[in-house]
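Take a look at this one chain, the form predicted on its own, written out in structure tokens.
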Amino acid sequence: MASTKQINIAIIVFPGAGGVGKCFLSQLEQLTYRRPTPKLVLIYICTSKKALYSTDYLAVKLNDVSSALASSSLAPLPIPKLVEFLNASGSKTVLVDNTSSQDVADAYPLFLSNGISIVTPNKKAFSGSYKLWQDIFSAASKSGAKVYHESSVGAGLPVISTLKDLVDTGDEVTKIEGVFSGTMSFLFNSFAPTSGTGGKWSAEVKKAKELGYTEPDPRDDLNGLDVARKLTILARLAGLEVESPTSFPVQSLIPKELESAASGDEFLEKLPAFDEQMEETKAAAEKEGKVVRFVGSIDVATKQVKVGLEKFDRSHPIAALKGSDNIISFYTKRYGSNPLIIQGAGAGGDVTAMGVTGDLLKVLSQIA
């Protein structure tokens, strides 16, 4: 089969998405120099308010795309119009969705059914309703378009590709367990370290926000939903028909009284009054010679998925994590009692963008 000489790229990026969009653009520019064939041509890029494209599909220059986008007077195309625009380009197209938008995620079946491949870190597409999950992969299967989402779990860590390889080669996954949030990892490594006393819970949450580890409103991390979304994705890949991230037990670390705080700042201001609750949890673990960690687990045999606080021996790999690292353990029939462990940076613009760029390369190897 003759190789395709040109692949068109379309990017949707919303500001504030952890710098992933900016890092990906930098990696894409480097990629076009390192791999001149097939020629990658950026034909469309938009934020939630502005867009850059031309009706005759002229290439958008990658070296000054950010400033050109900022000064553009074009509005983003509505999704159905964007599908039409990309469809009429005359070349195979890959959509890079660097957002966490549910609206964009809901449109994946439309893009895919029109032969437009997708790479994305957007968790909402794969942890939304089970019907959306089915529709996405059904549309891809029928059209031949590809869809990859490595960075939807564990940033640039090879979590999804490893799980897919285990399943596709016929191994039997019995359990998946780990620390799936860089924010929660950092918080508990500071609050309940394996040696030393650690700081007060509210002080550690405040510090994590100041260092940029948490969402602008830390409650978006502390409610456990981010971890629940990642577990939903992995459980589905392991063969469980999990309906949604709210269909299994998820422990929230937000005190009931602060759920309705007007802002993240107000929440942080009032949090010290509730430090005692977390101190008791830490002390109970210490009495057993253990430390407390915020983990997610999937028991494939019993079909049980849960997110919350667990106690671990200080020598356990989950207890010994450093900084904001993630750790994911796959227990399988082939690996026996020693799980296959993936560990490393689970957050950050560069590593998350690396996962997206890696997915783009996988798509190119299949469609070019």
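This is a predicted model, so every value here is computed, not measured. Start at 1 with the first residue shown and count on from there.
Below, we turn to the form predicted together with a further copy of the same chain, even though it does not appear here.
For the three residues K22, V250 and G264, a heavy atom within 4.5 Å of a further copy of the same chain turns up in the predicted complex in no case. Shown without its partner, this chain lists V173, A228, L82, L157 as candidates; in the predicted complex, only L157 has a non-hydrogen atom within 4.5 angstroms of a further copy of the same chain. Taking S113, S190, S89, T162 one by one, only a single residue has any non-hydrogen atom within 4.5 Å of a further copy of the same chain in the predicted complex, and it is T162. Contact check for N338: a non-hydrogen atom falls within 4.5 Å of a further copy of the same chain in the predicted complex.
Shown alone here, T169 lies within 4.5 Å of a further copy of the same chain in the predicted complex, counting heavy atoms only. Though the partner is left out of this view, S54 does not reach within 4.5 Å of a further copy of the same chain in the predicted complex, counting heavy atoms only.
Not displayed here, a further copy of the same chain is kept clear of S72 by more than 4.5 Å at the level of heavy atoms in the predicted complex. Stretch 28-36 is the answer when you ask which of 61-69, 300-308, 41-49, 28-36 has residues with heavy atoms within 4.5 Å of a further copy of the same chain in the predicted complex. Residues are counted as partner-facing when one of their heavy atoms sits within 4.5 Å of a further copy of the same chain in the predicted complex; in 330-368 these are R334, Y335, N338, P339, L340, I341, I342, Q343, G344, A345, D350, V351, M354, T357, G358, L361, K362, S365, Q366, in sequence order.
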